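Given as structure tokens, the chain that follows is alone and in the form predicted alone.
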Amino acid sequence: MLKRVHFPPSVLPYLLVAPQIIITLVFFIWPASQALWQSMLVEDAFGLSTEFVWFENFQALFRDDQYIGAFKRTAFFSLAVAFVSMSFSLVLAGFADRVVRGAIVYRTLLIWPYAIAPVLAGALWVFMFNPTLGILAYGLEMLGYEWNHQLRGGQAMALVIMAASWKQVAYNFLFYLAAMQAIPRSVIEAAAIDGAGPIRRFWTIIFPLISPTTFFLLVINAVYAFFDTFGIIHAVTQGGPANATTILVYKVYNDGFVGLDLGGSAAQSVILMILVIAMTVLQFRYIERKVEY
């Protein structure tokens, strides 16, 4: 006969979860509610007069051609960053998984870029591609290609994509390498005995088995491109030239802190938050079905 165990009431579970609940309330729920409230207000730059306008700030945004352009640039930027950083880190992880001698040093060097702050990562790429002093810009000029991201919007977008992707490669590399090392070696060795080459083994065995990691990194990289690339864009191009690199998160800052349109900036932040939540839910609901666990 089974005996039921009854635990006496205790405040310990509530005390253990209280710090996390407080952090969530202070740093997420309260700022989100404040942004939602402020998005329905129109106030002057000094906060001396405030008018409740309901959803007029949202309606004005979707009538703004610059905001629609920022939407398109953000979509392209996030897809490009996710594709470049994930594909490059996948290749590096594949090579690192095969390294025997000096593996620890090799992996440590690949992880280091993740410790660099986004602003510093952007500054490094600015120095390398500076039209006057940059060593890579000088190399491109020797090859007959004139580089000046300060005047050409396409080059500016390419530069911020490279900088943001390079910053994220180390993070993706860690997860891909861990996923590859979790695959039983007997499976790969059996495929090698059957005559499958390294490339065929990768695409038919390794890549399908790490698809859960790929799906996880797809969500993480999308959120990273939407939010955490602000420092890189601010250090590299400051949204220019001619708003060529102004994505949604940078437009929130530019309109709110530079243009002092507090209501419109708050409305943009609410839309950005809803967009990221919807994108994450969509990925987990539909894309996850094609993932093999």
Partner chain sequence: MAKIRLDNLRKSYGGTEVLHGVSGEIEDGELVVIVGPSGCGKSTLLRMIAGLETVTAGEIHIGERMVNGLEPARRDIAMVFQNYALYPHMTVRQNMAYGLKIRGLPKEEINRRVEEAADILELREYLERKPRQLSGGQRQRVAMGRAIVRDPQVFLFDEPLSNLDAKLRVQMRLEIRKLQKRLGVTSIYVTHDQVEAMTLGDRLMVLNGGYVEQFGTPIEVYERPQTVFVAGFIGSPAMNFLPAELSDGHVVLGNGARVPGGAGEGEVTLGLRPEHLVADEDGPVRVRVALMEQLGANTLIHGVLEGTDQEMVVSLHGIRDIAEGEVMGFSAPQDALHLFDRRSGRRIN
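The structure presented is a predicted model; accordingly, all values stated were derived computationally and were not measured. Numbering follows the first chain given and starts at 1.
As for the form predicted in complex with its partner chain, it is not shown, yet the points below apply to it.
- Checked against its partner chain in the model of the complex, the residues 191, 140, 220, 110 give one hit for a heavy atom within 4.5 Å, which is 191.
- Of the residues given (84, 123, 174, 209), 209 alone sits with a heavy atom within 4.5 Å of its partner chain in the model of the complex.
- Heavy atoms within 4.5 Å of its partner chain in the model of the complex are found in one stretch of 147-155, 115-123, 179-187, 165-173, which is 179-187.
- Residue 132 falls outside the set of residues with a heavy atom inside 4.5 Å of its partner chain in the model of the complex.
- In the model of the complex, its partner chain sits within 4.5 Å of a heavy atom belonging to residue 196.
- Its partner chain is not drawn, but in the model of the complex it has a heavy atom within 4.5 Å of residue 200.
- Taking non-hydrogen atoms only, residue 205 approaches its partner chain to within 4.5 angstroms in the model of the complex.
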